[in-house]
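As a starting point, one isolated chain is supplied in structure tokens, in the form predicted on its own.
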Amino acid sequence: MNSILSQDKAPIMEALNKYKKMRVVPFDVPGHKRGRGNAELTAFLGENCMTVDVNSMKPLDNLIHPVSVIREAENLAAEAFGAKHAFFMVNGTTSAVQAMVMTACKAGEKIIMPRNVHRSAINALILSGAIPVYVNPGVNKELGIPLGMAVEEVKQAIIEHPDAKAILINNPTYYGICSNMEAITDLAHQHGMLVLVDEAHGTHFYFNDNLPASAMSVGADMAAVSMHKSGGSLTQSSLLLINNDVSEGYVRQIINLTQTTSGSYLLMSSLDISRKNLALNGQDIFNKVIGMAQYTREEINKIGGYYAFSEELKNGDTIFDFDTTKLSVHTLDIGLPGIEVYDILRDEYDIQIEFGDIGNILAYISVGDRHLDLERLVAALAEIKRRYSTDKSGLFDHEYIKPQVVLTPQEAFYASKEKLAMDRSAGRVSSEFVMAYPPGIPILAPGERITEEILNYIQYCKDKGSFMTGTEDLKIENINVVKEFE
């Protein structure tokens, strides 16, 4: 009972409120001096916001070595998430993923991971020098989406690479698909490997009994959790959870290699307040979200042509479970790529969804949505079908292309390189990324062979209006390739 009651506290918010009442004269940074030095910014963001945009000091603790209110807030978060410890991350979940990989692996050490990881995981390989062992995800050809990792394929990767230090799992994917995380975790631990989980899209798993298992609940060692997505905190705020025998002190040292020494109290207090809200009200909050997503899914499927998919996809392995808060909708049967539906919704109906790719769209549903908004989305999709539906021939029928890995990401990224026109680069080894963002899963990563199939897919994405990123050339017309690799 005391454990539950303690979740009523928000130590960082309480300390900030106390500090405001002290009327301290600031001769420290930030230079806007509680907003007085930047009237336009204060008018835009509000005085309440500016007065708590403060620097680390004794009454407010320090993120790089917390001993008081931040430490207490981290302990409350750990308790709420069922972890040994929780670190407040203000460089986004990207920094949490990188800290996991850099904690588990040193240069030259192997990590098993699915190839459909977020770019942050491969960036971590560039930073650390760790070597990826990719488990290629299955593909649902009808929907054009990558799936989870098959347990047998993970087992095979372990047999072939018994010296790997860790396994990284997505829980869930952007589309809501979960691997058999408990089986993979048990398998990894039997072979002395750490289990790292990218839960950027899985915050809500910790606070509702009707959703898939969370990383901490199955005994994973570390998890990166995007509180700012389904958890309600401010953008860029995140948590890194640790469990089992992972050293809190060592992980904090790793975090402090890259995380700012000027931790934002706006971000930290938002983590603190959001954790409190989820701990006290999460079951009800996400019951509501599940209900809204299910209602909208059913209404979209009544339109015809669209397919809002859900738990019926589960197969006990590569789709072991499904996140029913995710409103993922397949669009190709109305003859439109998802990215085109995304653009039409935004440009003609003033509806901003999370992303559109070649075959699907994702509308992110949260407790902040209203029933009226859901009806507006359904009505817009029905009208788009009526106005724009066409023959589906000529559309790509898949998204995942199995990579040919030639060099490690670090070797390729830092190698001597030359710039080629994208359409002349087939056969060479890429020194950089190419990806559509969102979702930020690389089509091509450093160290991978460029093929005609990949080039055709990149051009198709560009033609359909996907937002392409990753290359030094902002126009994505040229690509850096490794010298002397043919």
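Please read all numbers here as calculations on a predicted model, not as lab measurements. All residue numbers are counted from 1 along the displayed sequence.
In what follows, reference is made to the form predicted in complex with a small molecule, a form of this protein that is not presented.
**Q** Exactly one residue in T331, N180, T93, S270 has a non-hydrogen atom within 4.5 Å of the small molecule in the predicted bound form; which is it?
**A** So the residue touching the small molecule in the predicted bound form, by this definition, is T93.
**Q** Looking at V97, A220, M149, I167, which is the one with a non-hydrogen atom within 4.5 Å of the small molecule in the predicted bound form?
**A** It is V97.
**Q** Considering the small molecule in the predicted bound form, find the one stretch among 411 to 419, 209 to 217, 195 to 203, 370 to 378 with heavy atoms no farther than 4.5 Å from it.
**A** Checking each option against the 4.5 Å cut-off leaves 195 to 203.
**Q** At the 4.5 Å heavy atom threshold, is S226 in contact with the small molecule in the predicted bound form?
**A** Judged by the heavy-atom cut-off of 4.5 Å, S226 is in contact with the small molecule in the predicted bound form.
**Q** Does the small molecule come within 4.5 Å of any heavy atom of Y437 in the predicted bound form?
**A** Yes.
**Q** So, H118 and the small molecule: in the predicted bound form, are they within 4.5 Å at any heavy atom pair?
**A** Residue-level check for H118: yes, a contact with the small molecule.
**Q** Taking heavy atoms and a 4.5 Å cut-off, does Y174 contact the small molecule in the predicted bound form?
**A** Y174 belongs to the contact set for the small molecule.
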